[in-house]
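First comes one chain, alone, set out as structure tokens in the form predicted alone.
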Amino acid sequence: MAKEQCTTQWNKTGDTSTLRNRKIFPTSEETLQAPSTSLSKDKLSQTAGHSSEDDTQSSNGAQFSSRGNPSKDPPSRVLLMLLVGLSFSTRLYKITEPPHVCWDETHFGKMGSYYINRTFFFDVHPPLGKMLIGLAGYMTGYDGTFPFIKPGDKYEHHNYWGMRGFCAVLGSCLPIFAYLIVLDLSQSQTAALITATLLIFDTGSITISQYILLDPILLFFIMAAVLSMVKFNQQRYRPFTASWWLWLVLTGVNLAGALGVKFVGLFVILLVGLNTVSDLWRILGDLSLSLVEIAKHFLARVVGLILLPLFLYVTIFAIHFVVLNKSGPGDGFFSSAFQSRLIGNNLHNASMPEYLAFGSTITIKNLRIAGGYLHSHWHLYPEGVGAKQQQVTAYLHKDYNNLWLVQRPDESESQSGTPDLVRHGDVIRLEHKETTRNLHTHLHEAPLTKKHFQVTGYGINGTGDKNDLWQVEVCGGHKGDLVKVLRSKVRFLHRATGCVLYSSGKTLPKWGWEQVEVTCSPYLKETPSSQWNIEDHINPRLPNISLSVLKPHFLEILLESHIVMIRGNSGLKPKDNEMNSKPWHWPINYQGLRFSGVNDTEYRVYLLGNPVVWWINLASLGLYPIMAAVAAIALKRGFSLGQKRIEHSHVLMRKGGLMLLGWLLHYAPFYMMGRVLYYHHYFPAMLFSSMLTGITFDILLKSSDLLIRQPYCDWMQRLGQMVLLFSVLYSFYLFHPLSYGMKGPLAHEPGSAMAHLKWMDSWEF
């Protein structure tokens, strides 16, 4: 009978791939004793080791239409429209409240303004998210004039709703995408509806979507990439058709979008990559395909999932560099050559003396990425930090205190005639223009890099001692070589101690104004940290040359921008009194994040997930491995299972496994990151855990017939679904003021309406 069923199924579909694959991939289900055995064998042979393949062709007896899609459980249009309405209404409700800057709007709103004004800036994230925010603001009438100085600043007459609305619209798509993903994976309306309900009524997902932030944009591209990947997997029976290419291309486009917003987009790229490797491994095992056909499959994926995303990602940066062509606050993070392309920068189309000379006024820039300009100011090192002399630091921005005078060791340069040029091997004294103190070092240890020596400003009006003398060395040069402005890499060797001037890249404490530490390193190996170039050069007694020939090409500025972003990310440290958290806090909803307001008179918004939603997700993360292990053992041991039970087991292990993998890839790497972490970093992983919850709880409820006979098991399913729905809705009703704003006494104060809702002491609303 099993053979008869299989033959009938094959005749109906006209698809022989299942029979071929069954020969190639024998599975443990060959030992099962049931009429459903041949069907489950077909299914397992198609999907063995492939977590995102469609499992419905044979496991539930569904036939594939001529379009190659499962016909079982198609999405209900009425239900889908209801979910769309709920999702958009919960995110767009009170979108203009509060009418002031909230949390990181001060950064990303300001960066949107920079795009509108075409002003160059530096950020640790790739540019796509900020570009889209700026475009949304521009298209809705925002003129880019609001300063976004600090949280709490009133927007007043400025048109900010367009940028918030854009982010809210993208955030509104997340429950819809999750619904479609789970529906396609599980072929269960119930599982998809559970997932959508969890996300629609999650207060954290609502809050993160309602403000001018990168997160809703990132989450949109991540979910769109996963949805496209799942849709593409469904097209495997129709390779190289228009719909097959469409979903392949859309997957690549969304991968580029995710990476173009934040570098954590690499995690979804890894998820799609693992799925693709599994898919190609399956294709390689299909002996009905020739090597040419296999090569076509491989090349198509290389084009759609590697070359296309790479091209789009590079294009994003090309647009970024073209739009931001004016000098701005980010100039100092980049090299002198990079700055020469920015309109308004003092190096743009500038002319200055070509060679360094005694008597010149200069700025000196470290060649380490984000190494800064050699800088000093009137402030002294504090007690207990070396000698209590004037601080010398590296500063990342243009500033008058970056200017230094190049003097002879023993006397000032004559004011008449042509000045003498500085050459490799010459000894000089660098005098700070503003304070008239000399660049100085001695044997006191540096503030942070204890094996290096402290660098200070010493003396007055050019007078000092022998520790003020430095020998100029042109890297790769010889005695007598001239020092070229911008082009020569220079080291400053201290005459008395033999150490070399060095920018450590470490950030000084508050007493050092959080500028970069400058030391004198006894280790003489040439590194970017010990190499400098002369950037600004003022000497009216020397002829000037144009610097336009020094402008870098596109690949150079692309590489430099990525090095700066990566180092900027790794250098992020928490500020005083700034909320940060640890990865283990996130799944348990241990601590939220204050978006707006700190006292009872202010409009307060607090980012915190709906506790019921997050704790159900946490329970499913613990329950899923147990259920998957039981299902795997039952199938492996050949227990006599019904057809539906086999279906559920396959969905649980393969489709649920894909969601668990997505959760792990978007969560586990944060344990290895050295940078400062925040609660909102968990939201990509939270989306996958919610989809896993939908699949897990749906199958758990459907398994009630193991304990209770019909019709009581059906009643139990309905009761479980209603309890889950009621719990989520009631929790949303209780906690919705966290998202939509609240005033009055704080939760720990008498008379607070939120006092009974502070279920954990770590919640600070």
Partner chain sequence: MLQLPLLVTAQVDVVLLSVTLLSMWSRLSHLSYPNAVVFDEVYYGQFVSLYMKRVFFVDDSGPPLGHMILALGAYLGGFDGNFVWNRIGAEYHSSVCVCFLRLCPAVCGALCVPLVYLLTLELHFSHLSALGAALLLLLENSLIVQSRFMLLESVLIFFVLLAFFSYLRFHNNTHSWFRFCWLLLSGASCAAAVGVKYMGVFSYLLLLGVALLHTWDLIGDRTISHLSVCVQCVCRAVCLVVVPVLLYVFWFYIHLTLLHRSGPHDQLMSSAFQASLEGGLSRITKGQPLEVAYGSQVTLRSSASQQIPCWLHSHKANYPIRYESGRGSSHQQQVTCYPFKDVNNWWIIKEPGRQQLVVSSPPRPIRHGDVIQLVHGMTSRFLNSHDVAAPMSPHSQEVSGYIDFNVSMPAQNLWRVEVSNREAESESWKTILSEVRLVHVNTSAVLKLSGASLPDWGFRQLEVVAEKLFKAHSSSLGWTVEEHRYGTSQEQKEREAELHSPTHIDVDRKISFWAKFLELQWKMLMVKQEDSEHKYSSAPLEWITMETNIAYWLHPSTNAQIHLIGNPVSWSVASLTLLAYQLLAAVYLLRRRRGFKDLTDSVWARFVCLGCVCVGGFLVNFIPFLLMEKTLFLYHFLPALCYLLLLCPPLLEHTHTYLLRSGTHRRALCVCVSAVLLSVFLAFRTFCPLTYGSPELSANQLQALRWRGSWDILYRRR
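Numbering follows the first chain given and starts at 1. What we label the rigid core is the largest C-alpha set whose atoms superpose within 1.5 Å from one form to the other. Since this is a predicted model, take the numbers as computed values, not measurements.
Absent from the display: the form predicted together with the partner chain. The rest refers to it.
Out of 157-165, 443-451, 424-432, 679-687, where are the residues with a heavy atom within 4.5 Å of the partner chain in the predicted bound form?
Every other range fails; the passing one is 443-451.
Does the 4.5 Å heavy atom contact test between residue 635 and the partner chain in the predicted bound form come out positive?
Flag for residue 635 set to yes.
Spell out, yes or no, whether the shortest heavy atom distance between residue 672 and the partner chain in the predicted bound form is within 4.5 Å.
Yes, residue 672 is a contact residue.
Give a yes or no for residue 188: in the predicted bound form, does one of its heavy atoms lie within 4.5 Å of a heavy atom belonging to the partner chain?
Although the partner chain is absent here, residue 188 would stay clear of it in the predicted bound form, with no heavy atoms inside 4.5 Å.
Indicate whether the partner chain has at least one heavy atom within 4.5 Å of a heavy atom of residue 418 in the predicted bound form.
Although the partner chain is absent here, residue 418 would stay clear of it in the predicted bound form, with no heavy atoms inside 4.5 Å.
Using heavy atoms only and a 4.5 Å cut-off, determine which of 285, 528, 144, 386 is in contact with the partner chain in the predicted bound form.
Only one listed residue qualifies here, and that residue is 285.
Though the partner chain is not shown, can you say which of 100, 594, 487, 541 has a heavy atom within 4.5 Å of it in the predicted bound form?
Among 100, 594, 487, 541, a heavy atom within 4.5 Å of the partner chain in the predicted bound form occurs only for 594.
Let me know which residues along 473-511 have a heavy atom within 4.5 Å of the partner chain in the predicted bound form, or say none if there are none.
Result: 506 alone.
Please state whether residue 560 has a C-alpha shift of 2 Å or more between the shown form and the other one, with the rigid core used for the fit.
Comparing the forms between the shown form and the other one, which are aligned on their rigid core, residue 560 does not shift its C-alpha by 2 Å or more.
Following rigid core alignment, is the displacement of the residue 453 C-alpha between the shown form and the other one equal to or greater than 2 angstroms?
Shift at residue 453: 2 Å or more after core fit.
So, does residue 159 move by 2 Å or more at the CA between the shown form and the other one, with the core held fixed?
Result for residue 159: no, shift under 2 Å.
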